[in-house]
Each structure stands twice: as structure tokens, then as C-alpha cells.
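The chain that follows stands alone, in the form predicted on its own, written as C-alpha cells.
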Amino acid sequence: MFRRTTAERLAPYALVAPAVLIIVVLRLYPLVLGVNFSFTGDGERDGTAVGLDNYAVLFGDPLFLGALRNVGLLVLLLPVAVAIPGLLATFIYLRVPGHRFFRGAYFFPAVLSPVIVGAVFNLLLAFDGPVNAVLGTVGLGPVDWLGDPDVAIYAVVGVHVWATFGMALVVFLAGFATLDSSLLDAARIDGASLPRVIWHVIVPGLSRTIQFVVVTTMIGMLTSMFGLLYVMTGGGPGGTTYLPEYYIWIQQGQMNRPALASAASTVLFLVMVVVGLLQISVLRRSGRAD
């Protein structure tokens, strides 16, 4: 009996041990090495300890500071990036006409390569492209979508949201499978409007799903936009579309400053942790308030 009880207690640890080992070896250990490497020098000072010099260089670099400002912009645009797949998933769940077709159509962009998506939208958003042609037919002047410093970052983020919201849509649909349908039926019987149903029934019922989508969407914005940036703007115009991951690539691949790139990676990791924790805290408080 004692041996069987001990085996039962150890079984969960044995089952999760391979996954934990993989995370430690492939994630945590490289992370520790990267943080340690960020305190060493580049070039003639390669391998020598330089303390916080790399971080001083980072926060004195206008390009990196601009990349951090763009991170703040992504945080502000995050509710839109989450609300779009959430609303579309709601309409599909409520079985609007054509919901089966829309389910596949909405997910289709998620399987496309960012390079392909960027190339397509380069053509669509060109100054003499179809989008500006349509604007011209309704009396609006052309917009330099990818060449205007005040517009380019919004264009790239918009394309990224279009190309990736299909994954969030799938997560929301999975969350709807756990939603108590009797609550929706009761709201309909009471004559609640669709906005009230969404706000008072669906949002509280999907609070955990929303938390997951918010965090994963933010991580995707911070770590998965390199392909679009590289193809659509190349970080321009004037570095206004830089994000930390693009800055890291520039320092590592073009400037041959891997230690500085490691410092930028460490800052990006800390930003992701702080933003993620703040988002979860805010969402949990709003869930308890409801």
C-alpha cells in the first residue's frame, strides 16, 4: 500500500518532468546565457565585462527609444486587436447567415507567410495602388501608407492584426464551447439587446479566454512582426516603425553587436513580463467587479 501511494504521488511529477526539462534546456538556460552575455562587450571588448554599458547605450539610442514608444502604441491598440476576433467569433457562435464560410475565411490569413502578406499589402498600399484609387473615387486624397512617419506604424499593425486574428478567433470559439448556453437563452427571453448580451453575459463568461487571448496577442505583436516590418517598411521611414525585435536583428545581423542585441532582448523580455502581468491583473479585477 505504501509503495503504491508513493508511486501515485510521484506519477504527476514524472509526467511533467519531460516538459519541464525541455523548457529549462531550450528556454530558461538560453535566457540566462543571453542575460549574462548582455553584460559583456562587443568588438574590441568582446567577452570582457562591461557592466551596464550596453543598457546605457540602448537608452541613449533614439531608434531603441522609438521602438519602446511603438511598444506603448501596441499596448493602446491591443483592445482593438482582441475585440475584432472576439466580435467575429460571437457572430459565428450566434450562427449568423454564412457563419460556416466566414469561419474558414477568417482563419485563412493565419496560414499565410508574413513575407507573402507583406508583399501583397505593399502592392495594395502603394501610393498609386488600389487602396488610394478607391479613396480617390470617394473624393479623398491619396495616403502615403508606408512612407508617412505618422501613418506607417498603424498600417503595419493593421496588416498584422488582419493576418493573425484567425488564431485568436479559434481560441474564442473554443471558449464559447464552455459557455453556459442557458444564460444566453435567458437573456434572449428577457429581450436583452445584442450589446447587452455581449457585455453582461459573453464577456464575463469568457473572462479566462479573454485573458489568454490578450496575453498571447500582445506577445505576438512584440515578437512576430519582424517579417512584416522587413518587407513593408524596413523599419522606416526614419526608423519610425522600429520595434524591439527589429532593432535586435539590426544590431545582431547588420551591426555585428551581439552583446548589445542581447541587452535589447533582455529589455524586451522584461517589457513582455511587466505588460503581461499588468494585463492579467487588470482583467482579473474587472472580472471580479462584474
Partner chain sequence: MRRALWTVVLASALTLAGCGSASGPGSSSGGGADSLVVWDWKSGDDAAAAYVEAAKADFAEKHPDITVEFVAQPFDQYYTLLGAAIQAGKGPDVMLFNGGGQLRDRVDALVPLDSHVAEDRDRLVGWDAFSKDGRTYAAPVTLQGHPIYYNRKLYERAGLDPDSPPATWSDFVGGCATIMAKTGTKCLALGNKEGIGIQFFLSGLGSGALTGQEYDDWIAGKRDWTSPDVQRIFELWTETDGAGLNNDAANSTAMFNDSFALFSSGKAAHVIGLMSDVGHWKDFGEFLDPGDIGVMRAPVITPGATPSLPYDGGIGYAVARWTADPALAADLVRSLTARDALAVFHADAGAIAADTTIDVSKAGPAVTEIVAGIETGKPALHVALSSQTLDLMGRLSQQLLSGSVTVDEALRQLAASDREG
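Residue numbers count along the first chain shown, from 1. Not measured: the values here are computed from a predicted model.
Separately, the form predicted in complex with the partner chain exists; it is not shown, and the next lines address it.
Could you confirm whether G236 comes within 4.5 Å of the partner chain in the predicted bound form, counting heavy atoms only? Contact with the partner chain, yes.
Could you tell me if M255 has a non-hydrogen atom within 4.5 Å of the partner chain in the predicted bound form? M255: contacts the partner chain in the predicted bound form.
Given that the partner chain is not shown alongside this chain, does G147 nevertheless sit within 4.5 Å of it in the predicted bound form, heavy atom to heavy atom? Residue-level check for G147: yes, a contact with the partner chain.
N122: touches the partner chain in the predicted bound form, heavy atom cutoff 4.5 angstroms: Within the cut-off, so yes.
With the partner removed from view, which of 47-55, 66-74, 225-233, 27-35 is the stretch that lies within 4.5 Å of the partner chain in the predicted bound form, judged by heavy atom distances? That would be stretch 225-233.
Contact residue in the predicted bound form, chosen from F107, F127, W162, W199 - any heavy atom within 4.5 Å of the partner chain: Contact check passes for F127.
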